[in-house]
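Starting off, we have a lone chain in the form predicted alone, written out as structure tokens.
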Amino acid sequence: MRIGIIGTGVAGSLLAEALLEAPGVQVAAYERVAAGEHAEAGTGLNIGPNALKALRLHMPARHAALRAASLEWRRWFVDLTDGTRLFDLNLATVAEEPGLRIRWSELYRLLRAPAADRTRHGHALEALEEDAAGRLVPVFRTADGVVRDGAFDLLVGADGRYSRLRALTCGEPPSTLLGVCIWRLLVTDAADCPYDDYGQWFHGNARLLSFRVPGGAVYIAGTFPLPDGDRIPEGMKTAEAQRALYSPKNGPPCPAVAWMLDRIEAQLADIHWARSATAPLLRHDPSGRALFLGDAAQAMVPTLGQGATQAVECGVVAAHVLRRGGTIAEVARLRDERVEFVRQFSLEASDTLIPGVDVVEGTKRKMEADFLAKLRKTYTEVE
């Protein structure tokens, strides 16, 4: 069986590694960017304990490599921007092992290395053709022009939220906007940062999220409601607007928020601005010749940090099924119900980002039994 993997992000890289020595399988991976282009790209991310459990059970060498290159994620706290504590959770009470904190560039390096010799970089999927046997033939645009690399029994779309393979086989998916802006920033010189593990700070429904990552850096993400739901006003992309958005009205910000506001002002040009959105879950195309993993299948809101985490689960489960000759229908059976639960729970957890929701009461509800039970299910019920 010849399998082609489009995209070597989280799910695609894990699947490629797991299929390298699979009997009866020939695997080739294709990445749009040039080799090494992601070396300094990206910011930081947290990966949930459920992803680590999946790797520990099925790919222990990759589990060990990620653990060695990351900081552990053991705590989640929520404050108001004046420092008032609302929520403080030890992840050990809802998970079987810690999550992790890492830079995207380091995650890419570690995940891509095992299948590097099977990966063709600088290959952007442009079109699909069929051979006489009805197998899909991907057509790539490269620096040297259009190339074809033969026919495949199965193509795997692991090429992200805007998956070209999904668009070519199933049409462009509709996008549902949450009405929230999300921006991201990596502060590389952060020796004086006054906090360490995963924290969130609210001022009304505007929120800062931040934590340290390896190499002395700090990841910061900000969210705020969009006035018309689907456009980020240019006036909000200023240091003054951001400082006003997260500063308490009746006093100074706490030291953590004050530190972040200074870094936002100093590195405003480095911020990546986006809108929080979802797309319908879709695991494969109607013909059964294309399988979708990670964000290509299940773009979700990032509130619980489950985007990359679920991509890890996707790569591990798909590899387990395909290595033993299973079908894409089996991948769907093992993944889709769980993914739908996590997607809906992530939306539920986004309530405090939406205008009209009381942040104090909404956050305190996250310490109640129902929310913690769902969090425990998310972090532990891994295939």
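The first residue of the shown sequence is 1; numbering continues from there. All values reported here derive from a predicted model rather than from experimental measurement.
In what follows, reference is made to the form predicted together with a small molecule, a form of this protein that is not presented.
- Exactly one of the stretches 239-247, 156-164, 77-85, 263-271 approaches the small molecule in the model of the complex with heavy atoms within 4.5 Å, and it is 156-164.
- Taking 173, 305, 114, 98 one by one, only a single residue has any non-hydrogen atom within 4.5 Å of the small molecule in the model of the complex, and it is 305.
- Shown without its partner, this chain lists 32, 63, 320, 338 as candidates; in the model of the complex, only 32 has a non-hydrogen atom within 4.5 angstroms of the small molecule.
- Among heavy atoms of residue 313, none comes within 4.5 Å of the small molecule in the model of the complex.
- Within 4.5 Å of some heavy atom of the small molecule in the model of the complex lies at least one heavy atom of residue 7.
- The closest heavy atom approach of residue 201 to the small molecule in the model of the complex falls outside 4.5 Å.
- The closest heavy atom approach of residue 108 to the small molecule in the model of the complex falls within 4.5 Å.
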